[in-house]
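Only one chain is given next, in structure tokens, and it is the form predicted on its own.
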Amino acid sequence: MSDKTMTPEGVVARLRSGMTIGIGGWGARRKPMALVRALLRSEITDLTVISYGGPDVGLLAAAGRIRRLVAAFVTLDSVPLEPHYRAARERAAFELTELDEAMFMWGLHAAANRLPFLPVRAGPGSDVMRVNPGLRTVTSPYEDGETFAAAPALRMDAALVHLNRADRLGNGSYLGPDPYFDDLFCEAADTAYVSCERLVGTAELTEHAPPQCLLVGRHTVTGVVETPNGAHFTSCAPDHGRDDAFLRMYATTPWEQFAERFLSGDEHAYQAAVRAWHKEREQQR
């Protein structure tokens, strides 16, 4: 068993323009933001992004890195529609495949199980079939004869996910309220990279949490990156909550201005800029 620890830059060095990249988490919850920021520091572009979208999609959309997006939504949670994503969509910056949340989930399951599709009741009778004319239906071969939507497999070249804890071998656990399908993202991808709040010994992964929190197995993981506060400004409970003050600033700041202050350096520079911004905010009160 090998040590799979990497740096964010090491992960990005294995990615290429034109890839299909899956990004775990959900909205503004437990997103692998440090890896997304590292991706933004590269020249990689023309991506197909698969995500239960949040600021990961907003950042990549604003930077012009997305060719096609597959998503059920793109939200900041407290801000219903991610504003930089919305601006990119309004100028038709990329192609969008918008799926029902259940269709998206079954697409992950299909890819994880190396199936071309899975039947799902969500879809027929709704506009999701109209806005995605490429979707197909399938009829049950059994006596019921029911017609289902055929949720296509969401295969990926690489997946990026963020967890609370991981070991050097690629095992990872979550300590918060929800797995957010991160295990499926890893299983549905040819390669998977896990960032974590803290690297620990293998025994510690279940020492203070029930075994079912051991979400990701090393057999699905290509690399592991320790990124303290690496989900910022999304939440990573119980390690840290969502940074709502910073989120509101991000949502109301022009992209060029935000990128100049917070995205012009490496991850250490980003975290320092966030601390400086909070200190300025406190001094202004």
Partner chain sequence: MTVSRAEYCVVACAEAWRGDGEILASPMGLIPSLGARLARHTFSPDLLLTDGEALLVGPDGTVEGWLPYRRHLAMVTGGRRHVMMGASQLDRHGNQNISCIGDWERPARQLLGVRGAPVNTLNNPVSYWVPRHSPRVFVERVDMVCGVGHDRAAAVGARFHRIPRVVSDLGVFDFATPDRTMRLASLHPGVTVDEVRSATGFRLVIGGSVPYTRDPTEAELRLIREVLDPEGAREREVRTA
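Note that the structure is a prediction, hence the values are computed from the model and not measured. Residue numbers count along the first chain shown, from 1.
The discussion below concerns the form predicted together with the partner chain, not included here.
* **156, 112, 205, 105 - the one with a heavy atom within 4.5 Å of the partner chain in the predicted bound form** => For this set of options, the contacting one is 105.
* **Option touching the partner chain, based on a heavy atom within 4.5 Å in the predicted bound form, out of 210, 125, 201, 116** => Of the candidates 210, 125, 201, 116, 125 is the one lying within 4.5 Å of the partner chain in the predicted bound form.
* At the 4.5 Å heavy atom threshold, is residue 99 in contact with the partner chain in the predicted bound form? -> Although the partner chain is absent here, residue 99 would touch it in the predicted bound form, with heavy atoms inside 4.5 Å.
* Asked: Does the 4.5 Å heavy atom contact test between residue 193 and the partner chain in the predicted bound form come out positive?
  -> Because no heavy atom of residue 193 falls inside 4.5 Å of the partner chain in the predicted bound form, the answer is no.
* **residue 167 within 4.5 Å of the partner chain in the predicted bound form, heavy atoms** => Residue-level check for residue 167: no, no contact with the partner chain.
* To do: Please run the contact check for residue 86 against the partner chain in the predicted bound form: heavy atoms, 4.5 angstroms, yes or no?
  => Although the partner chain is absent here, residue 86 would touch it in the predicted bound form, with heavy atoms inside 4.5 Å.
* Contacts with the partner chain in the predicted bound form - residues in 163 to 182 whose heavy atoms fall within 4.5 Å -> Residues within 4.5 Å: 174, 177, 178, 179, 180, 181, 182.
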